[in-house]
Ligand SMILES: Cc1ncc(COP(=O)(O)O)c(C=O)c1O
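Below you'll find only one chain, the form predicted on its own, shown as structure tokens.
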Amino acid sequence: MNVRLFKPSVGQEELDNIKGVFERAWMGLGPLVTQFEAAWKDYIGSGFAVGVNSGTAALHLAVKVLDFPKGTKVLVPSMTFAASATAALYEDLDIVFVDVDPQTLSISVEDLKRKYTPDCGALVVVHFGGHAAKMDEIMAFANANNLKVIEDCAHCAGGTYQGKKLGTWGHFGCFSFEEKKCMTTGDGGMLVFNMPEYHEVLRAMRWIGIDKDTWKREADYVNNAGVLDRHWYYEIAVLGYKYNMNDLMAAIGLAQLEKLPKMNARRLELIGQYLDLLGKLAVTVEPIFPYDLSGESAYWIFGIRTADRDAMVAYLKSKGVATGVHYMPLHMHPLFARFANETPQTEAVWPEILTLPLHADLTDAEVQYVVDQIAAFHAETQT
């Protein structure tokens, strides 16, 4: 048996939407992007949503629009994907790595309070693996210290904390729809917020700085043929980027959004199976964090902690089971080494974390197979 680590769950609904894009022959930034933005905004419960080509772009634009002076410090958890921190580097800002909570692997509120200084302007909060950070405590501290909070929601699309959607607690919520995430548009992302003063400037920033997109200019021309002869006109007032989402992405996203609650529920069901089966083994296998099976959380990864990680990776690979490590601490990468500081919990935890297969199309039989191979590994290493 070969068991994939991640897999997008796509089918006829996505193909039907893509066919419509082909029939309209408008594949770039167009009406479906606007439609998807509106649908996502309503689903999340935010005031505004701006579709972009990646979660990385969403993070960068959130930092960019805040327009901090060079050298301002941005607080970032020490164990996360690089984009959580590169958003600050793009704007010549400094990074302060904050240790992780040893239980949840999300940012440590205690270390956040220790690392904060008055020259910190923003805080990036990552809901690691889909397990929600303590947003009530984080927002209370951030608001008291005038910190802008950017939620990195790459792992938690559809998840909530204390009944409120993740991505709407902070000043900005940044989502990733890369092919392996909770839902996909192939690549793609979304930036959500409630501050109207940022809406038009962010729409321009994601599209070269242009103040109205090609589709709107084309629609004006068609709707006013013979009257409006300056449909081609636009102005660039801000520095922008080629970060726009396109209608092919949005077509897939609209179908995926309809499926997202069901896909999240299936992943939660599979996590429950993992926990049940692992709990029956003769050896203790600890999950990477305390999974909440109530239905409030939307999890992207299922993982365990093991002192024999590298050996288990090799063994599972030999049995056809794909695994991963999320993530090597950022300060261990050469790019971020100059920002290294004291993060003892990260240093202690990361060598033991191992990501196991989890996706909406994973079968019960595959979960059983993975757990059987973990049991076989422990049996072999104990003899």
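Since the structure is predicted, the reported quantities are computational estimates derived from the model, not experimental observations. Just count from 1 along the sequence shown to find any residue number.
Although it is not shown, the form predicted in complex with the named molecule is what the next lines describe.
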In the predicted bound form, the residue from Leu105, Leu202, Ala142, Val126 that sits within 4.5 Å of the named molecule by heavy atoms: Val126
Contact residue in the predicted bound form, from Gln345, Thr34, Ser54, Thr355 (heavy atom within 4.5 Å of the named molecule): Ser54
Does any part of Asn264 reach within 4.5 Å of the named molecule in the predicted bound form? Heavy atoms only, please. no
Quick one: is Gly253 in contact with the named molecule in the predicted bound form, heavy atoms, 4.5 Å cut-off? no
Test of understanding: in the predicted bound form, would Ser176 fall inside 4.5 Å of the named molecule by heavy atoms? yes
Whether Ala298 contacts the named molecule in the predicted bound form should be assessed with a 4.5 Å heavy atom distance threshold; does it? no
Within 4.5 angstroms, counting heavy atoms, which one of the listed stretches 289-297, 76-84, 268-276, 193-201 is next to the named molecule in the predicted bound form? 76-84
If you look in the predicted bound form, which residues in 122-155 sit within 4.5 Å of the named molecule (heavy atoms)? Val126, Asp152, Ala154, His155
